[in-house]
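So this first bit is one chain, no partners, the form predicted on its own, shown in structure tokens.
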Amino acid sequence: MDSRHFHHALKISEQLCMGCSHCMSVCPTEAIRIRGGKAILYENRCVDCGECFKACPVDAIYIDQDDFNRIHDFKYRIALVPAVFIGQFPESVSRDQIYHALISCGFTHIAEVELGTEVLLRHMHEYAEKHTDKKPLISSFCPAILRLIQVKFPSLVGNIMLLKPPLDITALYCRKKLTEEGFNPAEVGVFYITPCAAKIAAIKSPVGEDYSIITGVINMDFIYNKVKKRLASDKETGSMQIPNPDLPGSAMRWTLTNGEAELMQGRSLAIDEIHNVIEFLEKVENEEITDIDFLELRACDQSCAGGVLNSANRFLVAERLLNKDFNEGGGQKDGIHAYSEYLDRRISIQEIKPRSMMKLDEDMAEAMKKMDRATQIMQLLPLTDCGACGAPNCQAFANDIVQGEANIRQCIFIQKSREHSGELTSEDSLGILKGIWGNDKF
């Protein structure tokens, strides 16, 4: 069992939160509760998928990022740019214009994240050939999915391909290349422009790695606004240093739905949007779906084009990346391929361990007792999943009770029953509800 702490990029502002429970209702891992009229996060369950961020009507949930000025702590500043960032802009804006604007913002080098896909694809094919006993193999690309499997589908952690994603491969290449060119490694900072919260969390506390070689993370919506302003004021393209701007079309499509699956052999499926993924994995776990060789699973609708930090419409972003004129490059023989041997030795990640959110206690005997008690409590509950108790459903509420995090009197149906029998007064019931939903709502 992996006991390391999960870093979470998603934060809740207590001042702004009004306890509306929208976030609790959409959370796919039941990681949110309402207490004292505010949303609170159960960090051991959160996978940083960003569903709560999208659902919050008052922007009380935000995504933390590194201070942008931190890039100036380094003499050489590499921006790791995913293809979906280019897709934020209309067709009239060229890649060169966007890259020049990034240089104007303070970066000294630009690297396209998808540069590492060709190296990775070769290893994915080799991995599939060596692990024919593990079906379906699951892509390690999406960090929200890796955490989802750890906490909700722990029996499937052994199916995850133990290979670095393109982001880490490209970061390794950039650092190695600049070091060989005589740059002082201590003066090189590598900053990733992220479309989602999960990748921030993956860099701060990576799954399958002890640490990340990426220096910092910049939210895509933040840098998009800076670049947009630069583009409006400066039409020159200038000169810049790009390790390999001529990527093949398959690399440009990698971050989109079916970007990996279409390149794998055997029966391969691509599933996006985290609730769809959960529904499918439940069937895989129960062996209702079999004979699948490879699964490409992405937490966001339209994959990275639908990341919560994107500014543009996800369908328009995908359209631009799929445009033949946009991704007709054939790739270069030099560049990253010259470092294949170096990258091959470092492409594997450590064994990924389960972190089951359903585990009620580390001691098996005690866990069984708690499970029995939760079952008994469920028989007393109305099973309406109304959420009035501040938990997303009755099962989650029962588990909270046995963990000492809730009291059965928080169920409004139990309250009314006990009021009727005289065990509770109406004032007692009102006090309990205020404890959940806050005084302001009464």
Partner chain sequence: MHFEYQVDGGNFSNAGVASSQFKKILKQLNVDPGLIKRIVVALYEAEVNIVAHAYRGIIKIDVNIDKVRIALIDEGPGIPDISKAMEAGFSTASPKVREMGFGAGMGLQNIRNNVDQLDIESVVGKGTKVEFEVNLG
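Positions refer to the first chain, counted from 1. Since this is a predicted model, take the numbers as computed values, not measurements.
Below: the form predicted in complex with the partner chain, not depicted.
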ask   = Is E285 close enough to the partner chain in the predicted bound form to count, meaning some heavy atom within 4.5 Å?
value = yes
task = Determine whether any heavy atom of L156 comes within 4.5 Å of a heavy atom of the partner chain in the predicted bound form, and answer yes or no.
result = yes
message = Can you work out whether A232 and the partner chain are in contact in the predicted bound form, taking contact to mean some heavy atom pair no more than 4.5 Å apart?
response = no
ask   = Is the gap between R77 and the partner chain in the predicted bound form 4.5 Å or less for some heavy atom pair?
value = no
request  = May I ask you to choose, among E187, D361, E209, E180, the residue with a heavy atom within 4.5 Å of the partner chain in the predicted bound form?
outcome  = D361
query = Just one of K199, K152, K164, H100 has a heavy atom within 4.5 Å of the partner chain in the predicted bound form. Which one?
reply = K152
remark   = Within 4.5 Å of the partner chain in the predicted bound form by heavy atoms, the stretch out of 200-208, 366-374, 304-312, 117-125 is 366-374
